[in-house]
Structures are given as C-alpha cells and as structure tokens.
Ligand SMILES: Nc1ncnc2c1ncn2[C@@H]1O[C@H](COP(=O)(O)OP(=O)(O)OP(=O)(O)O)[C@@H](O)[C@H]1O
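This document opens with one chain alone, in structure tokens, the form predicted on its own.
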C-alpha cells in the first residue's frame, strides 16, 4: 500500500486501534481521527485526503451528513461506512445514497479493514487514471478545437503540500522548509501578502506534524480590543466583566496538545504582546478575572501580511516576541513573483470547481492561459481562484474556457507585447510548458553565473547533483 492519508470518523476505540495497527504501523499511512462531523469536514477541506471512513453512529442526520455531502463536494474520495449491528437495516440505504465503496458491520477485524482499504485505494487510483485517459482521448480526437486554439488538460502535473499547489522552485524550496518545520515543536512565523495562502500553509504544517490528531484553532488578531482578544485566547471567568454570564475556556486551553494559528499578529497592541510572550516562554494561561494560573501545551503558528522585522525597527513590535515567534520563518512570495505557478493553479482550481459545480469543462484554451499568466494579481492566489470560478460559471458544459470568458482586465492583456523573459514559455500542454520554463530558468542561471554550477544551483534552490541532472536532461552546453 502506498503512502496515503485516511480520515477516520469514529469514537470506537476498537476500530481506532485496528486502524492504527494495520494502516499506520504496518502500511505507514497517515491516519487522522475525528470526533465529530464538523471536525472531519474541516480536515477534508485542509488535507489532501485519499479515503474517508465513517461510523454510522457519528452521523447526526441520516439524510444530510458528512458521508452524503462528501460525495458531492469531494467526489474523488472513496467512502467506507462502518455500521453497528442495531442499524444494519438503515445502513444499505445510507451507503447507497452516499455511493459508499463498501459498508462493514461491527465488530471490525484488523485484517478485514486492511483488505477493504487496500481495494478502495486501488480502485480510486484506477478511477483517477481512467478520468485522465478519457480527457486525453477527448482532447486528441476533437479536431475542431485544435484547429482554433490549443488546450490545457484539466489533470496536470504539479507538486503539492496538502492544498498548496506549485511548480516554481521558490515554492518548492519553501514547502520543503515547511515540512522540516512541521516535524519540530518550534513556533513558526508565516509572512506574505493577503491572498498568498498563509492559513493553508499553517494547516498543512499542522496536519504534517505529530499534533495532527489534536485540535487546530484559528484566531484573527486584527481589529479586536485587548480585553476581547484576551478572552478569546486566554479565556475568562464568570463575572470577569459586564456581560460575562459564564466562564470561557479560551483557545489556548482548547488547543491543548494541538496547534493555534494567530493571523494578523502584527496588529496586536504592545500590552498584549507581553501576554503572548509570557505564554510562549512558559505556557502560562491566566483567564481574565482569575487569580489562578494554568498551563497549556500548544504549538503556535503566527502570520502577518506586514514584515515584522520592519515593525521591530520602527518600535511597533517587540523584538523579543519577534524572535520567539520566528523559530522557523516562512515567507510566501506573491503570485506575481512566481507566475510559472499560474497554469498549475488555474488547472487545479478548474478541476476542483468543475467537480463541485457539476460542470463539465474540458480545459483552458492556450490563448486564455497565456493571458492568465501575464496578469499581475494584486489579490494573489485568491484572485486567480475567483477568476477561475467565474469562468466556470459563464462557460458552457463540454466547452473550453476562452478569452471571452475572462474578466475584462485580463482579457484585454496584449499578447503581442514582449513578456517578461523569465516567464515566456512554449508548449501545448502544461507539462511541456513547465519543462520549457525549467530549461529556460536553468540556462539563464548558468549564464548569469558563467556556468558556475554551485552558484547557479544555490540561486535555483537545487543541489549540485540536481542541477547536473537538469543540464543532462535538457542537453545544455556552455557557449
């Protein structure tokens, strides 16, 4: 069994133990256990998942639940239903409505679970390959389309870190660092413009850490007065202030053993920065209105759309807190600095939006894709995602996204103008475009450094062996 991510929704300890025994210990799968439908929905949204297993006693509504809704929202993820003996009459109907791969009846044997999971993953992989071949066949025989505009296949090669999609060396290096950071307990600081995917990065780190089966909570720190923010994070006791009719646990204690993501950390006041520093140093949690000091084991991931180092120099952010937060610092580049990621992101968003909406969009015409790759994207990845969502909405079924489907500002981009040298690519498919771009970037880096392979490799984020392989693959020669 290849490495796979499996989401398990159950409170049955015997099932959890069996799953750990055969899926984690023997087959090295990543198993994420959930205690509620809401939690499982959140995991499916954050994680690149390949299988969903549900106990029927965890589903609150037999006609509207995780298993049924995931069929619509995540159709490519196979589903297995585990039924208790008392509910076996309703189980076949539920399994049918959810298009479940199979339903099992308790008690579950570990070997039985292993076999069913293997078959589900194998059939899922075969289904993916069938969809890819079907699209390629459709594209290859559709002569009318190719006589007018070349097209981009929906299913495209790219690298991914959970929900983060990329092909650029910058993002590859960043995600490699993020994976290293995930394996530690050190605080992480994520910096980047609005819309670059800072929260996606934080969630990816959490689900690749040893805390993946513990809570992940998110708190936006911008626009809140100190007392409200203190109550949200540290909690309060009954009567701590007017309107405090009951005690509040606070996210630091609610996240005990897990992770908390503090967005817009640059916006907290100097006074509140002191409280955060104390928590990071000692793990101390003192609820508002209480004299009692409690402790919590939480991994902190903070994010800012403004460089904290500059704010430290300006005296607007505590230097000691900054150094506490930046155990690992992940700076996500804006999309305009990695436009080579646009084709991969566009086709990924097209695939996802098509699945969710039920629209059958064949691909993106090359003319439209070139214009998408020339845009400056002040709204970053979020802007590109909304652009693709809009295109899917206005394009017809069994058609391609054409230039006329794009927003006016992108459709009006003049392709006759000289494109930035670093981003001019050739090729009819995304794979060919990526290879063309990679060859160009490696060649330019070698020329810039007079064929000093070590310096060129450092610039591209490659090893010396890596750049040597690129030179051999693309048959590059010093002129």
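Numbering follows the first chain given and starts at 1. Every value quoted in this text rests on a predicted model; they were computed, and no experiment measured them.
Heads up, the form predicted in complex with the named molecule isn't pictured, but that's what we're talking about next.
### Task
Report the stretch among 292 to 300, 177 to 185, 321 to 329, 377 to 385 that approaches the named molecule in the predicted complex to within 4.5 Å, counting heavy atoms only.
It is the stretch 377 to 385.
### Task
Could you tell me which one of 200, 121, 277, 218 places a heavy atom within 4.5 Å of the named molecule in the predicted complex?
Filtering the options by heavy-atom distance leaves 200.
### Query
Among 163, 248, 212, 230, which has at least one heavy atom within 4.5 Å of the named molecule in the predicted complex?
The option sitting close enough to the partner is 163.
### Message
Can you tell me whether residue 305 touches the named molecule? I mean in the predicted complex, with a 4.5 angstroms heavy atom cut-off.
### Response
Contact with the named molecule, yes.
### Query
in the predicted complex, does residue 193 have a heavy atom within 4.5 Å of the named molecule?
Looking in the predicted complex, residue contacts with the named molecule include residue 193, since a heavy atom lies within 4.5 Å.
### Query
Does the named molecule come within 4.5 Å of any heavy atom of residue 406 in the predicted complex?
Looking in the predicted complex, residue contacts with the named molecule do not include residue 406, since no heavy atom lies within 4.5 Å.
### Message
I'd like to know whether residue 82 contacts the named molecule in the predicted complex, with contact meaning heavy atoms within 4.5 angstroms.
### Response
Output for residue 82 is no: heavy atoms all beyond 4.5 Å of the named molecule.
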